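Heads up, the chain below is alone and in the form predicted on its own; it's given as structure tokens.
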Amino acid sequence: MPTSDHISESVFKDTITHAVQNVFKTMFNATALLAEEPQTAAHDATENTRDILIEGQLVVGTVGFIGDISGLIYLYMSAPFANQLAGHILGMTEEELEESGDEVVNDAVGEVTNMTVGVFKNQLCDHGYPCKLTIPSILRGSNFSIEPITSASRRIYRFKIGTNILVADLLMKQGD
């Protein structure tokens, strides 16, 4: 059975870059630029404890993929950026979003995360690693970090979208 060990770093980088750029170009007519090289902890994700480096309250969407390769992708963004994306998707003003509450923004971030991981998953399938997606979930808060299991590999990619930062955190289970 293939594992993420069999996929080169450049494939992960190109795949997540294409997924983020595709979704943000299509949905928001925005350019997403890969801001720096990924941080990688190939076999022990707990060694990679560097902060996500987004100030203030965070909104984090996550979707898993299960199949020949399994893992999770977290998309981290600031709460104002999440509100901006939700307003664009739903055609709502800031006042309308505020009246509707965080649940509406969470749903929009879940959809953006689902689309991004869907593009990522489709590319994995094209490389011969079929998998399926899980249901999106959302985390909100500040000053928190996600500590993956020790057998997971972790790659963090930082994208600049206008003046905003989007962080894609890939956690994948290693083969036996």
Partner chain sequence: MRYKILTVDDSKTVRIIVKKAFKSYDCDIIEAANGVEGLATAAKESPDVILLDVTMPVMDGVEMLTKLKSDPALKGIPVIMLTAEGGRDNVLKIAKIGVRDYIVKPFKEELLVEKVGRIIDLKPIGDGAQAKAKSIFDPASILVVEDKPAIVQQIQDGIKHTPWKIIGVNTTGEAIDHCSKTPPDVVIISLSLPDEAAFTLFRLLRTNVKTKYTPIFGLVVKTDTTVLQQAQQVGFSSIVTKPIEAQDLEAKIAKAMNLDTSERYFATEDNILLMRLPENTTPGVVAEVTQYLKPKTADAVDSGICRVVVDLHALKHFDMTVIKLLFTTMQTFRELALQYVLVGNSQIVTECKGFEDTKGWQFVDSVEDAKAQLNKGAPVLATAG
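Positions refer to the first chain, counted from 1. Keep in mind that this is a model prediction, so the values were computed, not measured.
Not pictured, yet referred to below: the form predicted in complex with the partner chain.
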property: Heavy atom of G101 within 4.5 Å of the partner chain in the predicted bound form; result: no
property: Close approach of T26 to the partner chain in the predicted bound form, 4.5 Å, heavy atom; result: yes
property: 4.5 Å heavy atom contact, N114 and the partner chain in the predicted bound form; result: yes
property: Heavy atom of I146 within 4.5 Å of the partner chain in the predicted bound form; result: no
property: Candidate spot H88, C131 and I135, all three touching the partner chain in the predicted bound form (heavy atom, 4.5 Å); result: yes
property: Sole residue of S151, T31, Q57, N122 within 4.5 Å of the partner chain in the predicted bound form, by heavy atom; result: N122
